[in-house]
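One chain comes next, on its own, written as structure tokens: the form predicted alone.
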């Protein structure tokens, strides 16, 4: 019996270590694979020219990814600006001020929003957000727009990211012990002061983690954004004009036009850029979490 327990313990330990190593190796394998597939592109153009050039003419061998990078960053930034305050204040209200019945109703609603396919958000964006931007938002700011724009992509993306970010913030705020809030209230603090100084300030790492997850998901989202953002190579900073994010470039063109020399390598380089940027976003937020924990 003792030998059997030792054997099972070693087997379980081996599988746990093996699973952990596999999870650590998978991103490395993905990154190396994408780099090797994109490597032929580096023979004709330098890395800096590929990243910072705005010239996109695959038929002549010109692959400038700057419009696609800025388009992805612009849409992601807008979605974050819309998502961050809504999720933060909604999570505070649900965990600190609302009744238990409201929380029981909200959890299934959040789960439903998180489980909807992205194409449904895209169709909703075409039917609702695109006409709103074209008929109301653009004229309000004294300009014109087809509606298929960075702003439409940012709004749709924000709605998609709300359930993930909100769910994480709710879980973070629920970890605060009631004793800490009660101690703050007993010292004369108001309810809002207790929330601000105990719940929010004590959970900066968790808040940063939730926002980091939301931004990383937003940056890599494809179908819904592709349906409403316009998909035009553009470097303008006008949110009412169309853009062409990196995920949309890959989804629209992979399997098409591969007869053009280096086009396949260019799409693999776009995927590699997407991988690297999301990795940098996660590392940046991990650094922020580390700094806030030390403070």
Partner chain sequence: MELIETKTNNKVLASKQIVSEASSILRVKDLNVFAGHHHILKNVELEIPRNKITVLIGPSGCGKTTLLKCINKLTDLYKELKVSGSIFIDKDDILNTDTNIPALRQKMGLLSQRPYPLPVSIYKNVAYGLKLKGVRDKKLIDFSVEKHLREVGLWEEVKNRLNSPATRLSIGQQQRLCLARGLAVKPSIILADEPTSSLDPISSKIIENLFKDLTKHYTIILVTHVLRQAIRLADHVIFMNDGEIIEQGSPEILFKSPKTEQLRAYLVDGN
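Numbering follows the first chain given and starts at 1. Here the structure is a predicted model, which is why all the values come from computation and not from measurement.
Another form, the form predicted in complex with its partner chain, is not on view; read the next lines as being about it.
*asked:* Counting any non-hydrogen atom inside 4.5 Å, which residue from 187, 128, 116, 109 sits next to its partner chain in the model of the complex?
replied: The residue from 187, 128, 116, 109 that makes the contact is 187.
*Just give me the single entry in 81, 191, 102, 120 that has a non-hydrogen atom within 4.5 angstroms of its partner chain in the model of the complex.*
The residue in contact is 191.
*Looking at the partner-bound form in the model of the complex, is residue 181 within 4.5 Å of its partner chain by any heavy atom?*
Although its partner chain is absent here, residue 181 would touch it in the model of the complex, with heavy atoms inside 4.5 Å.
*asked:* Test of understanding: in the model of the complex, would residue 202 fall inside 4.5 Å of its partner chain by heavy atoms?
replied: Yes, contact at 4.5 Å.
*Considering only heavy atoms, tell me if residue 89 and its partner chain come within 4.5 Å of each other in the model of the complex.*
No, residue 89 is distant from the partner.
*According to a 4.5 angstroms non-hydrogen atom cut-off, is residue 97 in contact with its partner chain in the model of the complex?*
Within the cut-off, so yes.
*Which of 154-162, 173-181, 205-213, 221-229 has heavy atoms within 4.5 Å of its partner chain in the model of the complex?*
Result of the contact check: 173-181.
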